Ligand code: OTU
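Given as structure tokens, the chain that follows is alone and in the form predicted alone.
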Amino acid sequence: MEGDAARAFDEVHRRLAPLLDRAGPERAVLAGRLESCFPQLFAAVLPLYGHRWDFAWQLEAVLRTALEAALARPARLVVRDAERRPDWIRESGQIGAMGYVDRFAGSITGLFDRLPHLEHLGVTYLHLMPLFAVPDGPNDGGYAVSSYREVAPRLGSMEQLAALADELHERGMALVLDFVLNHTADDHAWAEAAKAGDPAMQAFYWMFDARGEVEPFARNLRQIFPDRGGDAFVRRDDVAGGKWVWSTFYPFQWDLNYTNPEVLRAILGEMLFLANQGVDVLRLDAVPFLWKKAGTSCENLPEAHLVVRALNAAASIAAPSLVFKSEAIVHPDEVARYVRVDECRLSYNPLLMCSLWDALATRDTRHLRDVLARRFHTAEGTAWVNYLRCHDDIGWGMANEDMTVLGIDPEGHRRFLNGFYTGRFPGSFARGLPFQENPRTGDCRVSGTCAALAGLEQAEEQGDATLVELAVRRIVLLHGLVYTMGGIPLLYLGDEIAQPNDPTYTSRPAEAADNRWVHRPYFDDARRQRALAEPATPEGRVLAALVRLKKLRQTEPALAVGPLELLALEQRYTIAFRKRAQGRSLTVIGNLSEHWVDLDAEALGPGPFLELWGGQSFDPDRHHSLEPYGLLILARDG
């Protein structure tokens, strides 16, 4: 350390020495983490809060919060910190699954009974959707958090969650939770104190006395949910004195004010409480919105990155094996900027997701190949979480400039994709629903399960065996690509048994206004049993394919995060890439069309190859064709 950072460290180290002394035999280890993480923390918080007269006190308060959490960390988790390989997120054997506790298992205790199913799928990374206490009534699917330290009573308790974390760890699985740090519910204890007139708590949120104070911010903001109407500010007369409150998403979610360092410290405390329950990964919700500045869009500002870096550094002192995952469904350049060892080592890969669905609809892999060539690499120590579907809707987040270079009209193409996946385009096989459709612009996003979007729902409704066959192949192909590209493949639970849309959400008042619930069905045990007992059924074939993909990931090191080489095979319908590791290469070829495609064997290079998907030898000197929606996985030693 040099200069200001070194002087600041010497001072806080002196003041925090009594706290470090409480670590006993672990003092040297904890002091070492404090020293190694301090420069990153100082570099992040100085631009944010260095102008404040109490900056030194605020810096010390953040460090004190981290050290107190380190001292409270259970011994079993301290051991896990020491044993956890830093690059575990990049290993080939990692497989993720996500879902809602109640929809997948009923409750936290019910999850224990589901663990054999997860092990059958090879799951090593279990992402449970928001499970914290929420308000009665609308709660944005759990993203309006009333308390970060309480589980929703209908799901269980924090003690049960900690016990689940222990059991997952025993089985080689990591526990992943959403952490909503942009806002709280309007009944959170902080918000209730703000309503009562506590000025310190009102300073935790963005509150304004008059509408005129709002306008410098409001005029530059985009509308997140058109159905909401109005803008991001709501008049709340239940706040003492009456206030305008910033609520980016819904009126019952109040945005936190990170220009106040007390908010940073308080949120850190909530994070570390969860880390000490055994949570391994925190998915940081809505990170682009963390920092607000008048005259800007208030999205992806440089200060938002500094907030995440500060939290990362402080968390690394207290819980060094904790990993952050970013959720930034924005321009691809902005998504990638959060993927750093000192910010979020993991990130959703929304661009790959929408590019795969794009290729499936257009039968054209140009954009997908461009994404893999230019936007798929991540830095050492980081990884993508690759997925076809998550709890959220699908938005077409491709970069306009990328599509223009490829000769694609961006807005027209998005309208086509929306039409195709909502079944409005002639010849579409999809059964999605338009989400948050804007009648003025025609823009929308798409809701639907994988089976509905890939055509299985329509095919089964029509009773057409040929269409069912094509739909199953689409589902298997898409998952095959996600599982072989490198990164952590993430399965939305229910997709492994090809569950269709759930139209019954409209009968539940709390869900009826949000059609994303159509693709969050309750797990169908009967369908799973049928998949196991009748492997020739669509659900049986999909489940069997995912189990085979699990085995490939467990045995083929080349499927870890690493360089991906695109191959120049047929350039429209197919995607082909090669990955190498430990003297072995895997070549993956997918046909994203309903046509047979001839393969240029010369582009594959010399054999011999073993075809791992069909288990047959593959002679590159012979003519080969790839069946509709077919998948080849070719292995070669040397």
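Don't overthink the numbering: it's just position in the shown sequence, from 1. Remember, predicted model here, so these are calculated numbers, not experimental data.
Unshown form predicted together with the ligand; subsequent notes refer to it.
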>> Can you work out which of Asp443, Asp392, Asp370, Glu213 has a heavy atom no more than 4.5 Å from the ligand in the predicted complex?
In response: Asp392
> So which of Ala336, Ala133, Ile329, Leu161 reaches within 4.5 angstroms of the ligand in the predicted complex, heavy atom to heavy atom?
Replying inline: Ile329
>> Tell me which stretch of 534-542, 106-114, 286-294, 353-361 has a heavy atom within 4.5 angstroms of the ligand in the predicted complex.
In response: 286-294
> Though only this chain appears here, would Ser447 touch the ligand in the predicted complex if you measure heavy atom gaps against 4.5 Å?
Replying inline: no
> Can Arg90 be called a contact residue for the ligand in the predicted complex at 4.5 Å between heavy atoms?
Replying inline: no
> Taking the shortest heavy atom distance, is Trp517 within 4.5 Å of the ligand in the predicted complex?
Replying inline: no
> Are any of the heavy atoms in Phe225 no more than 4.5 Å from a heavy atom of the ligand in the predicted complex?
Replying inline: yes
> Three residues, His183, Phe249 and Gln253; all within 4.5 Å of the ligand in the predicted complex via heavy atoms?
Replying inline: yes
> Can you tell me which residues in 129-154 come within 4.5 angstroms of the ligand in the predicted complex, by heavy atoms?
Replying inline: Asp140, Tyr143
